[in-house]
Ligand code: FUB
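Shown next as structure tokens: one chain only, the form predicted alone.
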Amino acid sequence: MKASRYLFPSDYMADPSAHVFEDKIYIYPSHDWESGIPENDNGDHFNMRDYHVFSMNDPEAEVVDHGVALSTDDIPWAGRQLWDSDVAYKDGKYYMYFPLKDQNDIFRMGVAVSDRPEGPFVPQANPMKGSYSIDPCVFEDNGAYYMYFGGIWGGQLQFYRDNKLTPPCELPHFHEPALCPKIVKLQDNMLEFAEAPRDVLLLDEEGNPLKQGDTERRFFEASWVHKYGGKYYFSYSTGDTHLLCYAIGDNPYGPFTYQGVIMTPVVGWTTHHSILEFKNKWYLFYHDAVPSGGKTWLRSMKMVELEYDEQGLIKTIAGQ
């Protein structure tokens, strides 16, 4: 296994969403900084305010910082906390999807649009109707675009049942099925939901939904989807147990059956990633907190080559 690489050591960037656009790798991370807010389980200390966009001609090349592509100052409905984003391309336009708390401190999804992959991105005046929680991943399949989203604890997924904010806003008990990540098809204009969000069901090897108490396998946050060998790979973070895991299904909606661990824990509390193919090789983008001395809110983005075995299973990478 090749060694991992820090991509931009001069600043703290996390949650890297990587894509191939215009034959280059573009990376869309969140931007950590020392906010001075005390650390807590709601993530208030992750008070990010803008996004930078990065590009590289190939996995060994210099990483170019294209500067600020979107800021909370640009967004009419902004409250606080501009967390991780994702970007999709359609018909000559690039669409950035981002979670942001509105002025009532509730996470919504916004959309911003650009003619170029590096931005700048111009936000829509309002959040996407019916959107909630965090961690958007937009996946294209046969011309249709789907958004996966959701994150518990600070990501507020536990506030919702059947897409409605439903008190008492608590997690299921340990013996109950875990909360599911969500999937929703996007309209052709890429700005709105085409349907109500649905559950993405994650199953164990016997076909049973993963339980909330199964903390080393159940979903916490950080959805990502890619295709390999005709199968759909749904990967995600287990959050408080610090693993990157994956499950495999036969269509974008799932269900997905748990397969194993992509990466064991790294230094730092959260694990958030993306996976892409570039010139017939696969890469995992992620972050750790080594450069900041283990400060979990000051993370640095990295990448490492990812490999599959003959059965199409991902070879586990030791956190590095």
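If you're wondering where the values come from, they're calculated on a predicted model, not measured in any experiment. Heads up: residue numbers just count along the shown sequence, starting at 1.
There is another form of the same protein, the form predicted together with this ligand; it is not shown, and what comes next is about it.
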Give a yes or no on whether every one of Met48, Trp83 and Asp135 sits within 4.5 angstroms of this ligand in the model of the complex by heavy atom. yes
Would you mind picking out the stretch of 240-248, 139-147, 162-170, 215-223 that comes within 4.5 angstroms of this ligand in the model of the complex, counting non-hydrogen atoms? 215-223
Does this ligand come within 4.5 Å of any heavy atom of Thr270 in the model of the complex? yes
Does this ligand come within 4.5 Å of any heavy atom of Ser274 in the model of the complex? no
Would you give me the residues of 296-318 that have any heavy atom within 4.5 Å of this ligand in the model of the complex, in order from first to last? Arg299
